[in-house]
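As structure tokens, one chain now follows by itself in the form predicted alone.
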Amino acid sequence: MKDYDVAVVGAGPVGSTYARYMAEKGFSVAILEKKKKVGVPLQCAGLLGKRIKKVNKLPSEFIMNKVYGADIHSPSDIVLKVDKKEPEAYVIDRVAYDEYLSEIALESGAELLLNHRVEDVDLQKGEVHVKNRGKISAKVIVGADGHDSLVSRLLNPPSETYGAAQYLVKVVNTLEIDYVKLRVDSRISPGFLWFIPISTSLVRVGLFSKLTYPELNVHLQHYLKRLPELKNSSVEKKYQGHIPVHDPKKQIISGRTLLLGDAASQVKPTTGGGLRLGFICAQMAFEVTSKAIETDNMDILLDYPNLYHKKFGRELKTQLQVQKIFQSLNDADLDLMFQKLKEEGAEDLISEYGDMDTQSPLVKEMLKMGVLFSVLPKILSRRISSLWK
């Protein structure tokens, strides 16, 4: 049995980032990955907010396109235009980026063990049992093994997830690449459809929802047919995956074991995105675990969930409320809301205050200016305003 300071279960971007931080400080780190290759299959839309560069490395070679805003469509095609002067988000090569993050973790001194499927973890003793490979021990174990995390299931009930489907589509006509398109539809709420241009000839078209994968594909096929930009286009690749449902009650630490990223449901309720959130939590976990190991005091690990909830609790609560509101609206409600938002000048507000990663400043500004109270039924407005009391 080999001993490490830290064993990270899962070589995804968040787990690899945490492993790099620990290895850079001189700790012995093992990354246990059940797959034979990091980053595949693709299970992400690959659209990251501009602030991602403030929380992790993102070399320009992995940025395929920069977008300046979005066209947000209601069910009957009332459009809210969000327009920024500077790039608001990056479309990235997610597979290559995941590989890069694992590679720089290795360069920093971490050990990557591919084809190592973890079967069990002793949360208190710090032992990881690997299928057909015996076991290893570690002072701290980090579960960063995704939405279907084995480590999380040792601490929590099975996680709820959304299904996601995405096509890589090649088009005949030249695409406008500066803006993404989003569409809301009560049949897939609280999820939505997306159209993310990679280049003038390639686009990612997808959606997420609580529907089954066959049902997702029916909606996706219908969406493809109604977009004039995709006339005579061809589907090059199809992808499917799962997005964890954010759970504010999820236990993310037990004994000498903690959870990170999708395994901890550290995702934005409104969009399902989680990289920026996960990268910040990786930094928090690094600071706490390094101190715990250095002082040989595992009680310090209890600081991790406190730091996480202190930094993100209010924002995630706001996003959960927004998500619940959208889920309660039918198509007619959504169309009415979009029409009234346009009439109230919300496009300018969204363009100024909107942010992919943090929605609470926009919600607060809309409350201050009375926009939401004129748009939503009174009961819904009261639900949102109570967040700020």
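Because the structure is predicted, anything quoted here is derived from the model rather than measured. When you see a residue number, it is the position in the sequence shown, counting from 1.
One more form of this protein should be noted, the form predicted in complex with a small molecule, which is absent from this view; the next part is about it.
Proximity to the small molecule in the predicted complex, defined as a heavy atom within 4.5 Å, singles out one entry of 126, 305, 146, 190, which is 146. In terms of contact with the small molecule in the predicted complex, the residue from 256, 181, 94, 219 that brings a heavy atom within 4.5 Å is 94. Taken together, the three residues 210, 247 and 269 all stay farther than 4.5 Å from the small molecule in the predicted complex, as judged by their closest heavy atom. Just one listed stretch, out of 314 to 322, 261 to 269, 222 to 230, 77 to 85, contacts the small molecule in the predicted complex at the 4.5 Å heavy atom level, and that stretch is 261 to 269. Although the partner is absent here, residue 73 is not a contact residue: none of its heavy atoms lies within 4.5 angstroms of the small molecule in the predicted complex. The closest heavy atom approach of residue 47 to the small molecule in the predicted complex falls within 4.5 Å. Within 4.5 Å of some heavy atom of the small molecule in the predicted complex lies at least one heavy atom of residue 9. At a distance threshold of 4.5 angstroms between non-hydrogen atoms, residue 164 is in contact with the small molecule in the predicted complex.
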